[in-house]
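Shown next as structure tokens: one chain only, the form predicted on its own.
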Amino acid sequence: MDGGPDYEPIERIAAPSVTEFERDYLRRGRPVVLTGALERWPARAWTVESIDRRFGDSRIAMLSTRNGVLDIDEDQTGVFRPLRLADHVAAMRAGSCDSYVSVPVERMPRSFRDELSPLPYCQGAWHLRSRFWLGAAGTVTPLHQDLPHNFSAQLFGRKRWLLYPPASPVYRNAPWSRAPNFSGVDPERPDLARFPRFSSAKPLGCVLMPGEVLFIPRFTWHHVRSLDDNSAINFWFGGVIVRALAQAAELFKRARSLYPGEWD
């Protein structure tokens, strides 16, 4: 369908009750694509043009990309730089985009936030953080993992996701590196001479369509490619221990000057 690596399709289901989701997916650490969960979101009607028209004057920190890939590796942490949202959109239209909107939702205008709703599956979580994403077709987030659980809600456009279980042989970067939660492996073009054990890593995957929500269990490795100009809202969530660990991780990043520009 999308010409990417082979993968086992992630299960797709109509949005279940909270009880069913917790029993069948959250507690079992099973990824799942939920359909029909965003029907009441006014933000589902957004387009690149309407975002530009309504919120283009917002000045926010954006992640830098190099040749469409987030500029993150073992020696280089992500770099945020201030940019008007309208300038990012103009670069998307011109085919010269070297940035990826990744901004906490609380930093966006109130009128923006009013058109979103927390997903019922993570309401009331001790730890809950949400981001707005807007990127050009071809933008890639390298293989990495996150401490909390994650929902990614696709507003428009498509993304291809590749997911690997936490214990997969993905050659995590060294703990003392600039990006310790990232892998050196490119799943789309793996260097098996350098990373031979990756040949046994078997991904789950999907092309996430507009209006769908992907659940990514904590510590699951994931690689993401934008197939179209697209936008998403994600929700990282967890319990009291995750909240404490996330706060400690933020202090660590600040102390080591990781992700410069994010804390300005």
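This structure is a prediction, so every number in the text was calculated from the model and none was measured. From 1 onward, residues are counted along the sequence shown.
The form predicted together with a small molecule is left out here; the points below concern that form.
Among residues of the shown chain, Ser64 is not one whose heavy atoms approach the small molecule to within 4.5 Å in the model of the complex. In the model of the complex, none of the heavy atoms of Cys206 sits within 4.5 Å of a heavy atom of the small molecule. Within 4.5 Å of some heavy atom of the small molecule in the model of the complex lies at least one heavy atom of Trp236. Residue contact check for Asp146: one or more of its heavy atoms lie within 4.5 Å of the small molecule in the model of the complex. Interface residue among Trp161, Tyr121, Phe132, Tyr164 relative to the small molecule in the model of the complex, by the heavy atom within 4.5 Å criterion: Trp161. Proximity to the small molecule in the model of the complex, taken as heavy atoms within 4.5 Å, picks out 138-146 from the listed stretches 164-172, 79-87, 138-146, 110-118.
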